[in-house]
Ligand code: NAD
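Next comes just one chain, in structure tokens: the form predicted alone.
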């Protein structure tokens, strides 16, 4: 493809408005999942790089917060325009970084990031406090103020989107951010930093540093950091949450899930199958909100499986840079090994393999879309997050039974229902123990709608006006209009 970015960046980190390098950091190879080849080598952030990023953020934040929201928003909206103009090269880079098909990245990654920058850029000028009348002519008012320096920690499945989902509300509210991408997919966030800087963002307000857990721990534990936003696994979330608690820091956690998708007998079959495909095989199943426990009412179980199998046979598996490819590799050798382990466990525990289940005989980390039927609630694939293209189909008879089983999990990120009975649909989503729910659809993520989970799936919300609450704080001011008396 022409007009693309080189995969080897100018340097590993973007700090204080410029690329910086410190080769003393451990080498960080970037692997193209479609071939297994090394396409770039970066270096992990040294303590000097981490210090430079935090210092730059702390200095820059105060002047940024002193601007009006309209001035801040203008820069974010300009960055959104630049991101849309460069959607093609950004999408190609995202495909090389993650292995996701260009057919997907060109409509779901940089475009989603641009939506976030535009939305919060438009909201920035409307962030105000309120006037509160009090007795006797006194009154109070509130000021919405930034938190200060925020840390964002990204996951490897949506590196561009996640960087923007965290940066946009943080910057709109007047904060600075130091962002650490996943060490598996470190390239795209650097381009987000470049674009923000080109759009006029002052140096130091969005910094990108590379590295694994030790770099993240250094950022989270620093006393200058007021807020931590993590997208990642539950084990990582526990560590980050505990570290942030030491400093009583604000935290947003978007963690894993084992989300239920309920399909009733009266559902439109083609739409339900589409929802199951989107909730299990988009991004080769590497989506935290995926509806990987597909509960199908017994009356349509076999028609559902037949339709699903036929649809999966038409999946185009191949070079993710080819426009017709719609199913690509998993992100890494380690991830495909994990998923293969779950497939073997499912067979061992008695699940019926309907289709797929095998690694493809080609370079890269390709695994067939896999469907298991006759899955029971106690099986490993019905309890643990797989993060790969493996669907578990479970039977159910009644709504009451399905709801009890759907909620019988430690996770609570997402849930969905397919039915033509809208009274039942609203009743079911009211009963779901999950933060993000869908009716006759699955995995939509418009920036106007809050996204996040409950239980072990996280705390706080991303996107929508709700995100503003997680990147700002209120100061309350009481104003007395009459002389003040005291008892002595």
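As the structure is a computational prediction, the values presented were derived from the model and not from experiment. Numbering follows the first chain given and starts at 1.
What follows is about the form predicted in complex with this ligand, which we do not show.
#### Entry: in the model of the complex, the residue from 174, 291, 369, 154 that sits within 4.5 Å of this ligand by heavy atoms
Spelling it out, the residue with a heavy atom inside the cut-off is 154.
### Query
Given that this ligand is left out here, which of 327, 418, 387, 365 has a heavy atom within 4.5 Å of it in the model of the complex?
None of the other options qualify; the answer is 387.
### Query
Among 389-397, 195-203, 341-349, 238-246, which stretch sits within 4.5 Å of this ligand in the model of the complex, heavy atoms only?
Selected stretch: 238-246.
### Query
Is there any non-hydrogen atom of residue 180 lying within 4.5 Å of this ligand in the model of the complex?
Taking the distances in the model of the complex, the answer for residue 180 is yes, it comes within 4.5 Å of this ligand.
### Task
Considering only heavy atoms, tell me if residue 101 and this ligand come within 4.5 Å of each other in the model of the complex.
Outside the cut-off, so no.
### Query
Looking at the partner-bound form in the model of the complex, is residue 309 within 4.5 Å of this ligand by any heavy atom?
No, residue 309 sits far enough from this ligand in the model of the complex that none of its heavy atoms falls within 4.5 Å.
### Task
Please run the contact check for residue 211 against this ligand in the model of the complex: heavy atoms, 4.5 angstroms, yes or no?
Yes, residue 211 lies within 4.5 Å of this ligand in the model of the complex.
### Neighbours of this ligand in the model of the complex among 242-270 [non-hydrogen atom within 4.5 angstroms]
254, 255, 256, 257, in sequence order.
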